[in-house]
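One chain comes next, on its own, written out as structure tokens in the form predicted on its own.
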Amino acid sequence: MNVLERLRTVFGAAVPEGADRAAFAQAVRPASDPRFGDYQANGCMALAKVLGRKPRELAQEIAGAADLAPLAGPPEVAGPGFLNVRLDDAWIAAALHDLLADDRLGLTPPARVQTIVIDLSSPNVAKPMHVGHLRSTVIGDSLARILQARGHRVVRDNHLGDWGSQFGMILWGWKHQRDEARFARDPVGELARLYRAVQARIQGGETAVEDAAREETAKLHAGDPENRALWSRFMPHCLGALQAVYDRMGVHFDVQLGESFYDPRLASVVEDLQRKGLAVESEGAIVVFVEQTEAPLIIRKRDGAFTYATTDLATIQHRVETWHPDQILYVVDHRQGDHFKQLFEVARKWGYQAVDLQHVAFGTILGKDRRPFKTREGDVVGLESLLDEAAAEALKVVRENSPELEPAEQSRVAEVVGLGAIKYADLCQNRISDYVFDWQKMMAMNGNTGTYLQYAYARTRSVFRKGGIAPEAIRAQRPAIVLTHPAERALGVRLLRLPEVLELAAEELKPNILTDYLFDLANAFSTFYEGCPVLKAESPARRDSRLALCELTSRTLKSGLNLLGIDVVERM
């Protein structure tokens, strides 16, 4: 039940012949101010210019032709040609009554189910995950959940870096600088130490070490027994450490394939591109010239080594052969923009025009100094330590607000609240933007934070707990909904908007559209809670109606937060 879609359909049909009906329909939006109704159609001024007519006269004609019953009465013409729509109170009440019995909260399947592959997270496996992986992981996970909730088939693909130059550095470091005792205690920590040590020597100008590390990578790719054995020894430890972080974050994947998986395909990719006349030799390398950027896409270096671009092309080939996707989304830092412009152009020339390839770019996490977020020592913040700190910060909030909870329960709640705060702080931003990481803001019990929304959910549950009433009983009873108080009606209108919000978030690939909605819903519930007594309502019928609104709010907040990858708790 998508209210906005139904309104757009009616308004589109009411537009005079010869006009762009789809464009006019898209100009129908939720009202920015409740004084102007619940929805507005603001396309008359633009349409009047095209048709050479007066906007207000055109608005009056469209208002007369738009039959919105039973959703709403006739549109009201305002100002120079705005069309204001106020939903019918009886229709809202009936729709909410139906929603009580709807497990999907009004969501209906899309007109066409698509198969969508989402490339997200994609860490290098030989190093601990750091804060730079947070955005790709949580944005990609949320988009997967939203698209799946919309009814699409989603494949979550974690494209692991397990075959690149970092392994050459680690292999060289292992052979020359390893500490066996450290490896026994903390395998991934020791591998990370070796990587940093070798990287520091290379950055310090030791070209012999750089050449030797490159040679170790080449030997690994060529099948050298010693390097393959070491790689096989290291991988389980690396994958286990990554999985522990993903499990803690509640993130799962349908597929986790490393770059090594695609290695057997790379030579044939280059050969096929050459055979089709797309790849040519340039200064000893094999490249594909593209229009999107000045530099060509290098697919084989002068020394015969393949590149990340070659692997990415092989990955597209594999994904299309395996899942036949309609769309492949790459949730990757905006700084990789030029790479994806090149990659997508080459892929289309190669023959993959049918699949929609999109770079879902995002900005950088900044410290309070507005520089990339790092530790005091200047290192990139480790993701696991960030999660630990989030739980510790949340525990302070939980102890202050819920001292009656047992210590073990406080710790459990703090883990949920802390991780939710970090995820929400990231997802509530327009993903293109950089944002400043601020513990105090993200843990606040008011304002647009995950903590505030989790508290709003817990508040809905406390109503039932205080009244000794099971929420399931209200759902089964399905009482008549009464909306005579302005706060009841305002909350009811927002409860009906979830389907349209998810459709827009899916279209624009922006989870912040959902966070904005949930924050608005939580504020509407707060106003309702303060102004409309529930358990002490003036009659049993009014009490049950308000309990039904509490139950719908509870389910909508929980469902919406789940689509952000955020859990809820019954008490805070």
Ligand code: ARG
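Just count from 1 along the sequence shown to find any residue number. Keep in mind it's a predicted model, so treat the numbers as computed, not measured.
The same protein also exists as the form predicted together with the ligand; that form is not shown, yet it is the one meant from here on.
Only one of 152, 133, 214, 265 lies close to the ligand in the model of the complex, with a heavy atom inside 4.5 Å, and it is 133. Checked against the ligand in the model of the complex, the candidates 231, 352, 439, 340 yield a single residue with a heavy atom inside 4.5 Å, and that residue is 340. When contacts are judged by a 4.5 Å heavy atom cut-off, residue 308 counts as touching the ligand in the model of the complex. The closest non-hydrogen atom of residue 330 lies within 4.5 Å of the ligand in the model of the complex.
The shortest heavy atom separation between residue 123 and the ligand in the model of the complex is within 4.5 Å. The shortest heavy atom separation between residue 426 and the ligand in the model of the complex exceeds 4.5 Å. The stretch that touches the ligand in the model of the complex, counting heavy atoms within 4.5 Å, is 308 to 316, out of 485 to 493, 205 to 213, 308 to 316, 191 to 199. In sequence order, 159, 161 are the residues of 149 to 185 having a heavy atom within 4.5 Å of the ligand in the model of the complex; the partner itself is omitted from this view.
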